[in-house]
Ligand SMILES: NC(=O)c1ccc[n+]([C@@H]2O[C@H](COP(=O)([O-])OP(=O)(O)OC[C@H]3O[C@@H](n4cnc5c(N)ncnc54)[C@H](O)[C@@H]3O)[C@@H](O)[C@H]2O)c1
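Here's a solo chain for you in structure tokens, the form predicted on its own.
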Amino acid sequence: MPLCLVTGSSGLIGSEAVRHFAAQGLDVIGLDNNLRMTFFGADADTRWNRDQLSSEVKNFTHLDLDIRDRDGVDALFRQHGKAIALVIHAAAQPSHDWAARDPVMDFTVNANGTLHLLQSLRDHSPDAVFVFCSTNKVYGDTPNRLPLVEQETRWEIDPSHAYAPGIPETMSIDQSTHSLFGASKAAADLLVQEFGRYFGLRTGAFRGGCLTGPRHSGTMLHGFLSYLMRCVATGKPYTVYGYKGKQVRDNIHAADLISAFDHFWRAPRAGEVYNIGGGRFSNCSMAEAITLCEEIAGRKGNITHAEANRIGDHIWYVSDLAKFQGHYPAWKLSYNVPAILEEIHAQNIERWRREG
């Protein structure tokens, strides 16, 4: 039976990938060492998700392996070789705030870890498809130079601008402030492209907007919609940083993202790059998200506003999905922001109450 390797398998995207590809009949090995809790504390502990996968997905095997372990990664690929049909690389240090605290660890996880996986893929499983969870932060703060108009609840791009449908892959990644996280992910993104273009491996880098869903262990530094919904529902304080709370993000449900990965796996390309997110179908400002969370939770949030924005943060980011949809016209989004928040609340409220 073909094998799928998923890094970061206890996280939001990894766990969705485990369930999806196991249901497609693949054996799945998940790599996860709960480093998210090291980064963000107890709120980010993913063991609950790992335990659910182990009990509910019969063709899943959990492996406590750090992708920074070059020998361990290589031994895994050597063991399974050409049985590996697909690699979903979702493991990461995912916060640009946290990266500034320890740039070396951030880079070794995001860039070196990706290199270890790619080299082992090349050496032992060259026919496998490699899908990388990149980020819109590779563009740095270049999106902030777009002609933006302040509206009542959001910033919005001038409707006559070429990027009004969303930001395309042709936006430059140069001459901008990325955050250290953006820089380490950009390095990994370029490696994924180069192993595809130079060595002919079937690799795809998916530059995500906000990735979200009910299995997200959201925290203050990462997991925007999940953590906001948790704070509003439980009365925890939440701070909005900068831009009057009108900064806009597109949000894609993990299931829609994994569906995109599935389409790529079935008809792969070499060294491809896609912007992927909620696009014009699923996006919101912080202010709009707060209002939705309060309506769903039936209570006011404990929200404060700080004037200073986070370094390298985007004022407005909406993905242009045209390239991916052009290559894979059967793929489409199924969740918008209200549906995402409803599901996050419904599936987590009892656990949040228990955990306090």
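Here the structure is a predicted model, which is why all the values come from computation and not from measurement. The first residue of the sequence shown is number 1, and the count goes up from there.
From this point on, the text means the form predicted together with this ligand, which you will not see here.
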Next on the checklist: On the criterion of a non-hydrogen atom at 4.5 angstroms or closer, are R230, S282 and L341 all touching this ligand in the predicted bound form?
Outcome noted: no
Checklist entry - Looking at the partner-bound form in the predicted bound form, is G277 within 4.5 Å of this ligand by any heavy atom? => result no
Item to check | Distance check, Y243 to this ligand in the predicted bound form, heavy atom within 4.5 Å | outcome: no
Next on the checklist: Contact with this ligand in the predicted bound form for L12, defined as at least one heavy atom pair within 4.5 Å: yes or no?
Outcome noted: yes
Checklist entry - Does E288 make contact with this ligand in the predicted bound form, using a 4.5 Å heavy atom cut-off? => result no
Checklist entry - Taking the partner as it appears in the predicted bound form, which of 141-149, 191-199, 166-174, 209-217 has residues with heavy atoms within 4.5 Å of this ligand? => result 209-217
Checklist entry - Considering S226, S120, T135, Q247, which brings a non-hydrogen atom within 4.5 Å of this ligand in the predicted bound form? => result T135
Checklist entry - Of these, V28, I67, L321, L53, which has a heavy atom no more than 4.5 Å from this ligand in the predicted bound form? => result I67
Checklist outcome for this item: Applying a 4.5 angstroms cut-off on non-hydrogen atoms, the residues of 85-108 near this ligand in the predicted bound form are A90, A91, A92, P94
